[in-house]
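Listed next as structure tokens is one chain, alone, in the form predicted alone.
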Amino acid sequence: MKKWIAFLMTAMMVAAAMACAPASDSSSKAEESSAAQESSAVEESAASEESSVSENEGASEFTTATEGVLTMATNAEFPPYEYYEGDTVTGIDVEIAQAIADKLGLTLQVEDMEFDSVISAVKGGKADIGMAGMTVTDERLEEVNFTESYATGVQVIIVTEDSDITSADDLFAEGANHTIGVQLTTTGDIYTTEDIEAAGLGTIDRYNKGADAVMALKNGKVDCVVIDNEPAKAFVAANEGLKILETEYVTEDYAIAVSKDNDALHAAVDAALQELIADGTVQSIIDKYITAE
């Protein structure tokens, strides 16, 4: 009997030892597995954070004249690209600028000023972009950067219906001596100054507004006006006795001016513009204002 009891006690002790050993081993393995998983998660998190930091360091953050705002300098005397509708400046350039601002997560603010102040406003950091039916020229490239072109413009000649000027060639004829009205610092001003005034073929009268040049034509102070085709059509429609010559003066491309001191903003605006050109947004805005002839 004593032997049987001793046997049972020994068996129970062995069973207890066997039961305890696997449990301890299992717990240890579970703890090791949990620790390994935590370590892996920490490593992955650290790697992700390191990658994120690296990407952020490589990305260029642009700044604007006013935080959260894209300020557009323009001259609202250039329909249909920019003009007043009541107290609001609207037009092709304004709508394109709004689409760009939306892509960049900014609020658009339009600042109307004299045309010859647009470049200086952008260059001086008072405005982020300049859009005013602006053509890229060598002179302007010395002061600001430009985006890809988004529209094509044509410089045309407005004359009175009884004018002896019948084509652009008449302005360059030997012995020509016409007085030509232009808007100050526009490409009409630049081209005629270089082509006609510098060649001794005429005199250039410069006005702050295209409308003032047209009024000078009506009043007989100038012989013709060289200006972009779209505002020319609006001016002729509003002023009886004027017409646009069939021959063009020059064809040019419009782009957006951005400061040379803000490469990041220039890159961001240009990228947004290219996306808007690619998806058809820019063309749809232009088609809204300009009917194909």
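Residue numbers run from 1 along the displayed sequence. Note that this is a predicted model, so its numbers are computed, not measured.
The protein also exists as the form predicted in complex with glutamine; that form is not presented, and the subsequent description refers to it.
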- Taking heavy atoms and a 4.5 Å cut-off, does Asp228 contact glutamine in the model of the complex? yes
- Query: So in the model of the complex, does Tyr249 come within 4.5 Å of glutamine, heavy atom to heavy atom?
  - Reply: no
- Is Phe115 close enough to glutamine in the model of the complex to count, meaning some heavy atom within 4.5 Å? yes
- Message: in the model of the complex, is there a heavy atom of glutamine that lies within 4.5 Å of any heavy atom of Ala213, even though the partner is absent here?
- Response: no
- Query: Which listed residue (Ala101, Val182, Ala132, Ile92) meets the criterion of a heavy atom within 4.5 Å of glutamine in the model of the complex?
  - Reply: Ala132
- What stretch, of 183-191, 103-111, 164-172, 84-92, brings heavy atoms to within 4.5 Å of glutamine in the model of the complex? 183-191
- Item | Partner contacts in the model of the complex for 75-94 (non-hydrogen atom within 4.5 angstroms of glutamine) | Phe78
